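So this first bit is one chain, no partners, the form predicted alone, shown in structure tokens.
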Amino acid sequence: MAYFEIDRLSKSFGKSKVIDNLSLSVRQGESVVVFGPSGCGKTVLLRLISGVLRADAGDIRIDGESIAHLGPDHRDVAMAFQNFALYPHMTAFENIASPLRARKLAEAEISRRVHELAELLRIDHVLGHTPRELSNGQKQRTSLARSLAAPPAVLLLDDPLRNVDAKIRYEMRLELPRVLREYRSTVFYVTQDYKEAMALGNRVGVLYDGTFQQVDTPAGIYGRPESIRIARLFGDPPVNLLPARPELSGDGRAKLRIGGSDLVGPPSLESLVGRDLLVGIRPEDIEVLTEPAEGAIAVELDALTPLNVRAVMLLRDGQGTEILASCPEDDRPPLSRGRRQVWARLDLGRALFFDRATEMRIH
């Protein structure tokens, strides 16, 4: 059952509607990542939930009770900011303890909770330091610990890893789910980093044009994006989009003409014969070969770039269309970086089919 609900929420600034009739239901203990491009309204949504901003219309409920009329101090909602927002004159210990002191807890209980959180977040060795003595990673952990010290009904995290270095960001992607599970927090996490969204969310809500365009599991968003725009937001290298118009072959199977070659599509493609499509192929679903093979199209290798433990290859078909392929570095064919003829086998069984006019995925 829904524990936290956003019901037809709207917010405008002048003539600009930032949040438009937005709704979402969240289970208790669930982590939902709000993902979208810069300026799409993610932070405005968090401010509406926290009570810093008031909505023009709609309701926000926790455990069935409306909190829309309450001020920020009475909503049982905590927020951790991307700029840390620590008290500069207080030690890390006192920063974490501040919401507990506001609740007038006993000193022994305050000390127990602070040390428990600090150990969980691996900052117990810097509790006596002031913010200026902490690294950005330690500041971020301290800010998160303060938000969790008096566990709120809903925890809002506003792009909290944006200002930490790549190593700390990677570590926190691993640690955060563990910490949030430990505290059974219901979490709204905002980011514009798709890898973070995929790593941290039980579900991901893709926000743009004022509302959630798709809410699904990370695997669902990546594997079944509802539109070309969503498909492009997730993936690095990005999805290939190849124009095609399915036709029936002599044996009654549907075929696609890509790169000057006819490729047999999956049975589901037969219902799309005659429609103008954009075929979405993820780079990892393309196999690059050094010899001709059945079902492979002739392409020219334009560039090869190692990308961490994967290799990315820029290919060009006979019509000049660029195609990106990727594979584990150890599995890549024995290719030099120079331009040369190769063959690409596209896994059409894993392809996404979009209507060329509407750019929406065809189910």
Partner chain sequence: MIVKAVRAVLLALVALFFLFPIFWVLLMSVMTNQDILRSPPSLIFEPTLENYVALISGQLDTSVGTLEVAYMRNLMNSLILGVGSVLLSLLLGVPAAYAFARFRFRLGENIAFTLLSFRFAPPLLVLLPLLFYFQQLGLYDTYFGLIWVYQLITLPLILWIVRGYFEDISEDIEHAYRLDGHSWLATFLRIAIPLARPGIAAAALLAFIFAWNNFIFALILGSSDVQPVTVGALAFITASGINYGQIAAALVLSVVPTLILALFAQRYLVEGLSLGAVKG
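Numbering follows the first chain given and starts at 1. We call the rigid core the largest set of C-alpha positions that still match within 1.5 Å between the two forms. Just so it is clear, the model here is predicted, and its values are computed rather than measured.
What comes next is about the form predicted in complex with the partner chain, which does not appear here.
Undergrad: So in the predicted complex, are 312, 320 and 343 all sitting within 4.5 Å of the partner chain, heavy atoms only?
TA: Answer is no for this spot.
Undergrad: Which one, 219, 293, 102, 108, lies within 4.5 Å of the partner chain in the predicted complex by heavy atoms?
TA: Checking each option against the partner chain in the predicted complex, the one that comes within 4.5 Å is 102.
Undergrad: By the heavy atom within 4.5 Å rule, which residue out of 289, 199, 85, 153 makes contact with the partner chain in the predicted complex?
TA: Contact with the partner chain in the predicted complex is made by 85 alone.
Undergrad: Would residue 72 show up as a contact with the partner chain in the predicted complex if we use heavy atoms at 4.5 Å?
TA: Yes, residue 72 sits close enough to the partner chain in the predicted complex that at least one of its heavy atoms falls within 4.5 Å.
Undergrad: Would you please decide whether residue 194 lies within 4.5 angstroms of the partner chain in the predicted complex, comparing each non-hydrogen atom pair?
TA: Judged by the heavy-atom cut-off of 4.5 Å, residue 194 is well away from the partner chain in the predicted complex.
Undergrad: So in the predicted complex, is the partner chain close enough to residue 163 to count as touching (4.5 Å, heavy atoms)?
TA: So residue 163 does not count as contacting the partner chain.
Undergrad: Verify the contact flag for residue 181: yes if a non-hydrogen atom of it lies within 4.5 Å of a non-hydrogen atom of the partner chain in the predicted complex, no if not.
TA: No - in the predicted complex, heavy atoms of residue 181 and the partner chain never come within 4.5 Å of each other.
Undergrad: Residues in which of 72-80, 183-191, 132-140, 170-178 have heavy atoms within 4.5 Å of the partner chain in the predicted complex?
TA: Of the options given, it is 72-80.
Undergrad: Could you list which residues of 19-58 come within 4.5 Å of the partner chain in the predicted complex, counting heavy atoms only?
TA: Residues within 4.5 Å: 47, 50, 52.
Undergrad: Taking the rigid core as reference, does residue 180 move its C-alpha 2 Å or further between the shown form and the other one?
TA: No; residue 180 is a residue whose C-alpha shifts by less than 2 Å between the shown form and the other one when the cores are overlaid.
Undergrad: Once the core is aligned, please say if the CA of residue 110 is shifted by at least 2 angstroms between the shown form and the other one.
TA: Yes, shifts by 2 Å or more.
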